[in-house]
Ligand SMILES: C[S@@+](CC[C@H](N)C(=O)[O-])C[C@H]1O[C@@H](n2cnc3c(N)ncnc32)[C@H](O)[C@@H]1O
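Just one chain is shown here, as structure tokens, and it is the form predicted on its own.
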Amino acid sequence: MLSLCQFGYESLLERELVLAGLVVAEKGPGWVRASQELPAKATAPAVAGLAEPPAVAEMIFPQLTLLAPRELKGESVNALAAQLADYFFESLRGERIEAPWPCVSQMVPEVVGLGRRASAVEKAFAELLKKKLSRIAKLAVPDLPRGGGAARGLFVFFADFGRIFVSREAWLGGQRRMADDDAAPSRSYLKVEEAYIVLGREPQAGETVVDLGAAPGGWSYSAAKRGATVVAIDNGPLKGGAFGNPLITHRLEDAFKFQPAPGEVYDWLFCDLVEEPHHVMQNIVTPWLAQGWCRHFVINFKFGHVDSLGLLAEVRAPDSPFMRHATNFRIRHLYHDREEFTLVGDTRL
């Protein structure tokens, strides 16, 4: 398998793969290629159908994983496009495509000019596909499916100008680049917008949200624009679309000391504090989840000054508040995250 991650986090992705029992064969900017050692006389399971989730299914750093990828090499655009077409046509034997399917290319963004090469190969491949299978070509969608999990289509990764990896099967972590909003007070708005995709739900009109450490208000604004009523807790000021928003009540209080009124349950808990993660887990996560003060949560843990995978192990330990009090629990290193995890889930009420 070949897993893609945010540029600069390859070493953490590699460590995560190794801890899962995989053997790393190669890595480059934003990607790691690994495989699972098989016992003697054992054979690799069939990829088609994905009867069992791959080892990366619950990992946090892979954003997209190509399963059983084939490596193709060529010195020219036409050579790469021809090999890609041959691979795709061969893989279609016995298969009927009747619905839109993802035809997606990814690349190493730090390699100057690689984007132009990828675009040229995509165009040449599209012409070959249209010439031979026009109906299937019309159904191709140049974007990843929304959400996470298994996907079948054509997934291409450009490791360099003359080297690509291609697969018909991929596993999506759910991460994706989000569109900005000029009224959003900060780029942290993009993180919570992306987190909704991983969780599979988002605040609705009429729901209630408490945003701990809200300033300057990116997450509060995200919920309010959907019609939710927000209580923003922070001693700092709100800005942009959060400032003066009629759906947002700003309370100048300490996020660690705030508690709901007796019997009050918020639909959503938001928490994106620049604080030591153990402090957040003990003093916010534990009481809010254990007491059932919220129904759903989106929480960020900063791991810049702690061992990220060690922190991950603690979060997933049987006695952690997440394991004891949460369902539909997922952790991801989002496209818009930096040195932080995003944790989403529902509370067992």
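This is a predicted model, so every value here is computed, not measured. Heads up: residue numbers just count along the shown sequence, starting at 1.
Another form exists, predicted in complex with the named molecule; not displayed. Remarks below refer to it.
S.K.: So in the model of the complex, does L273 come within 4.5 Å of the named molecule, heavy atom to heavy atom?
M.R.: Residue-level check for L273: yes, a contact with the named molecule.
S.K.: Might G213 be said to contact the named molecule in the model of the complex, defining contact as any heavy atom within 4.5 Å?
M.R.: Because a heavy atom of G213 falls inside 4.5 Å of the named molecule in the model of the complex, the answer is yes.
S.K.: Whether K302 contacts the named molecule in the model of the complex should be assessed with a 4.5 Å heavy atom distance threshold; does it?
M.R.: Yes - in the model of the complex, heavy atoms of K302 and the named molecule come within 4.5 Å of each other.
S.K.: Since only the chain is shown here, I'm wondering whether F256 would be in contact with the named molecule in the model of the complex (any heavy atom pair within 4.5 Å).
M.R.: Yes, contact at 4.5 Å.
S.K.: Honest question, do S186, Y189 and W219 all end up within 4.5 Å of the named molecule in the model of the complex by heavy atom distance?
M.R.: Every residue of the candidate spot has a heavy atom within 4.5 Å of the named molecule in the model of the complex.
S.K.: Considering I233, L269, I248, V156, which brings a non-hydrogen atom within 4.5 Å of the named molecule in the model of the complex?
M.R.: None of the others qualify; the residue that does is I233.
S.K.: Among 164 to 172, 109 to 117, 73 to 81, 273 to 281, which stretch has residues whose heavy atoms lie within 4.5 Å of the named molecule in the model of the complex?
M.R.: It is the stretch 273 to 281.
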